[in-house]
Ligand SMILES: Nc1ncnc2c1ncn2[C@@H]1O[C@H](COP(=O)(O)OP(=O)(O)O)[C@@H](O)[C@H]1O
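Next up: just one chain, as structure tokens, the form predicted on its own.
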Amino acid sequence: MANEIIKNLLDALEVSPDNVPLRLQVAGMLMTDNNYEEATKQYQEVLQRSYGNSNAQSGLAAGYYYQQKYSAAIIVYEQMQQDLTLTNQVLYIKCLIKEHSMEQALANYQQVLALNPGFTDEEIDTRLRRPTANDITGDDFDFEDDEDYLMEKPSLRFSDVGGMEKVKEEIAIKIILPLKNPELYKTFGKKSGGGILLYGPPGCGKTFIAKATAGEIDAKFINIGLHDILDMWIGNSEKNLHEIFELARRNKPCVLFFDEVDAMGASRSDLKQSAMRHVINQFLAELDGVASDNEGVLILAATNAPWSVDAAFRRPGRFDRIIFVAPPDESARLNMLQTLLQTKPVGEIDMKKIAAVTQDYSGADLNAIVDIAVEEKLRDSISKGSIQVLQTKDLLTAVKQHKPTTTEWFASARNYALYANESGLYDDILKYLKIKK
């Protein structure tokens, strides 16, 4: 009976293809019927007619999740960050776990628990729950015992990073060359260490370049999220932050990387909770090395929203270099596509053509395009009983299905660059967008 109703509604859509409410209803019924592939097609049709439709985005991401297209689902969820319901947040976290993005999954789960303290999910809890302040006292928690969890030794080098030449040059001058030429820098009164703030749209390789920086100087790498620091007990968050800096100081040269630093470095005037202000003040004191020597501790931070970071973080000696990490240029996209496809069964692929038509696509977007094309070929291979190789047309079709996720970010960034840019901090955004002041 349900299949007959769906068929009748699909017939109605043939007559009235722009009827968005009807198409949403059909997509929902297809989801209920576990026909996720057809449901996602309907949600995509809705989004072509009603850009940013939250119901269609939510349905599309869920459809991808149930088809095990986790990276594609993540892209959609990241587009709708401001509109995530609890159900969306849970599926988003599960997608991150499936894609082994454990740090990001944990950070999002901490946010869910902060808003829904009694929430539990067996699958997520099994993978993410670690001892909390409810289980141990502040005196029992020791970052020295947690070094293996927090620290790694990346093998990545700058040569592994496609494009980003300006970013590499800035990092080299600030961080790498002082370590390789200590006497020269000492002559000019410059120490090794200090901070760089990387900003730009999500998925463009800020974490990747930070790891490559550590690999370039054969240094330890500590990747810190807000969830590694915050504690429900007053004073413990500041202690945790201090211990993380001490861990870096004990293991220098060390690259200390703070992801989504805007969550911690939000303007203090905007924070109503005095406890969080104390954490920020502690962070500033650690950056200044008030009680300790930070020489050899290289501090990188990343943010998608530099306009939300307290101006105090940008003073000399703190994050005094602010670097725009743009979407990969054409040569970098070519390099990324070659890397993504090197282990896949491919036929004749015009890589340059794909790179040319993916202007503004982030690295994460390119990964999603390859995923979409591969999944279509898997279906084709199963139905034909033999391996069907990827061709140029398959990737071009995937490009049409997946639009760049950086568009929304640039829409916001453009306004800040035009109307809140007295110091010229966002001139690189205007340059990228080819806008003259």
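All of these numbers come straight from a predicted model, not from anything done at the bench. If you superpose the two forms and keep the largest set of C-alpha atoms that fall within 1.5 Å, you have the rigid core. In this text, residue numbers run from 1 along the sequence as written.
What comes next is about the form predicted together with the named molecule, which is not displayed.
Candidate site formed by 164, 208 and 336: every one of these residues places a non-hydrogen atom within 4.5 angstroms of the named molecule in the predicted bound form. A residue is said to contact a partner when one of its heavy atoms sits within 4.5 Å of a partner heavy atom; residue 298 fails this definition for the named molecule in the predicted bound form, lying far away. In the predicted bound form, the named molecule lies within 4.5 Å of some heavy atom of residue 201.
Though the partner is left out of this view, residue 160 does reach within 4.5 Å of the named molecule in the predicted bound form, counting heavy atoms only. Contact check for residue 364: a heavy atom falls within 4.5 Å of the named molecule in the predicted bound form. Per the 4.5 Å heavy atom criterion, the named molecule in the predicted bound form is contacted by stretch 356 to 364, the sole one of 356 to 364, 212 to 220, 315 to 323, 174 to 182. Residue 210 shows a C-alpha shift below 2 Å between this form and the one not shown [criterion: core-superposed Cα displacement of 2 Å]. In the core-superposed comparison between this form and the one not shown, residue 171 has its Cα shifted by less than 2 Å.
If you fit the rigid core between this form and the one not shown, you'll see the Cα of residue 255 move by less than 2 angstroms.
Whereas the displayed form keeps them at a certain spacing, the CA atoms of residue 409 and residue 99 lie at least 3 angstroms closer in the predicted bound form.
Compared with the form shown here, the Cα atoms of residue 71 and residue 348 sit 3 Å or more farther apart in the predicted bound form.
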